[in-house]
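Let's start with one chain on its own, the form predicted on its own, as structure tokens.
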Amino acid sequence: MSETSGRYRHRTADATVTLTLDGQPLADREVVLEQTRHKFLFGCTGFELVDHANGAAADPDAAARNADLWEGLFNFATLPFYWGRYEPVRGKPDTERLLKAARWFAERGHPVKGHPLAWHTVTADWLLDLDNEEIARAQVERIERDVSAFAGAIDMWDVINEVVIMPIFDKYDNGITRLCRDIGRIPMVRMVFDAARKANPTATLLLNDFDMTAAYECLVEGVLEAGIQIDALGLQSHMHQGYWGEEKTEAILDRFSRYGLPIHFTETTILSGEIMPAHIEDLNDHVVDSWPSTPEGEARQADEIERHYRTLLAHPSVEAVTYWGMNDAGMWLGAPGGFVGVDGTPKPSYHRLHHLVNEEWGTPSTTLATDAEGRLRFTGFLGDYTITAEGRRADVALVEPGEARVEAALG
């Protein structure tokens, strides 16, 4: 925790924990302290673990290893709710399978986000059979149904995705673009946020986009001026065309933090292979026969992963970072962007982030001592801790940065 005195002070607390055992101060005793969970959300897609959570993995042993690797880095999952795949036939949503997956993560202490509730891409083809009023009704019904059904297992949603481009999207016809073109961006945002808020009033609701230009700022400002409540801003950071670097990342953070909203980096990708050519405007247009990870690329990826995560953790507005796929097998666009290679072997980036999350920014099992009055002092990143001594255990939480005074009884 060498940098906690400066760069990450907003992430840490100076804790004084007064420990008691059977009602008496635990004076001058050795105890074992361990952080069990970060408050900061280190996230990743959970798409690849849905079959495992349902007991339906083609290779159960490999799936179990993958789950262990996932939990070695992450404490926050994003699950897929792309309408065209979730409900390809109207009235037959994939609720049971996704709900079981969401509960699998939640039971392990990992909050879950659903992605997305409204998007013009991978949307339901059957919307094209409806007029715009019927599309709007179907979209609202879909949101109210799914947000209600998953409440308690999923209490965070990317409510609407990529609204900046939504009404002008021209790759192919779809019902959501038709509707957004008809009613406008801000009424579209209001409609879907109102539906999600009605279905789960306590949920965290995000507006999410890949467009980091002033167009997204204008949208955010228009939405806020219209009185629509956004709980967090989602910023995508797919770096298929090269690492952004600290200067660009910090400039984006400063621009979007001025709204006073928590920021989630919702979709991060950093490659360990050849970088996509800069002239490509739509990343989907880059199609290659093979896109392998390389030793040189893996070394570069590990360094860039560390730089990116350090930059985000240092900014007080950032509450979450979600990496867009742990494994190269199944990565978006076939890109070598995962922490784990196609053969199931963790890359250098996996080990680098593991060290940062669990050691430099975490507290692995550490032996400390109480003072004569049973007080244990330590500086730790915000989150949950266990303290064990004499075969007994106490759980404590560091919730806010600064000084923290806690009393805990070993039970």
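Residue numbers run from 1 along the displayed sequence. All values reported here derive from a predicted model rather than from experimental measurement.
There is another form of the same protein, the form predicted together with another copy of the chain; it is not shown, and what comes next is about it.
Asks: Are all three residues 187, 215 and 255 in contact with another copy of the chain in the predicted complex, where contact means a non-hydrogen atom within 4.5 Å?
Replies: Looking in the predicted complex, the three residues 187, 215 and 255 all sit within 4.5 Å of another copy of the chain (heavy atoms).
Asks: Which is the contacting stretch out of 247 to 255, 109 to 117, 316 to 324, 230 to 238, given heavy atoms within 4.5 Å of another copy of the chain in the predicted complex?
Replies: Correct option: 247 to 255.
Asks: Could you work out which of 286, 85, 171, 181 is the residue within 4.5 angstroms of another copy of the chain in the predicted complex, going by heavy atoms?
Replies: Of 286, 85, 171, 181, the residue with a heavy atom within 4.5 Å of another copy of the chain in the predicted complex is 181.
Asks: Would you kindly say which of 296, 225, 96, 281 lies with a heavy atom within 4.5 Å of another copy of the chain in the predicted complex?
Replies: Residue within 4.5 Å of the partner: 225.
Asks: Using 4.5 Å between non-hydrogen atoms, is residue 129 touching another copy of the chain in the predicted complex?
Replies: Contact with another copy of the chain, no.
Asks: Any of the heavy atoms of residue 167 lying within 4.5 Å of another copy of the chain in the predicted complex?
Replies: Result yes; residue 167 sits at the interface with another copy of the chain in the predicted complex.
Asks: Should residue 332 be counted as a contact of another copy of the chain in the predicted complex, where contact means heavy atoms within 4.5 Å?
Replies: Residue-level check for residue 332: no, no contact with another copy of the chain.
Asks: Residue 219 versus another copy of the chain, in the predicted complex: is there a non-hydrogen atom within 4.5 Å?
Replies: Heavy-atom contact with another copy of the chain at 4.5 Å: present for residue 219.
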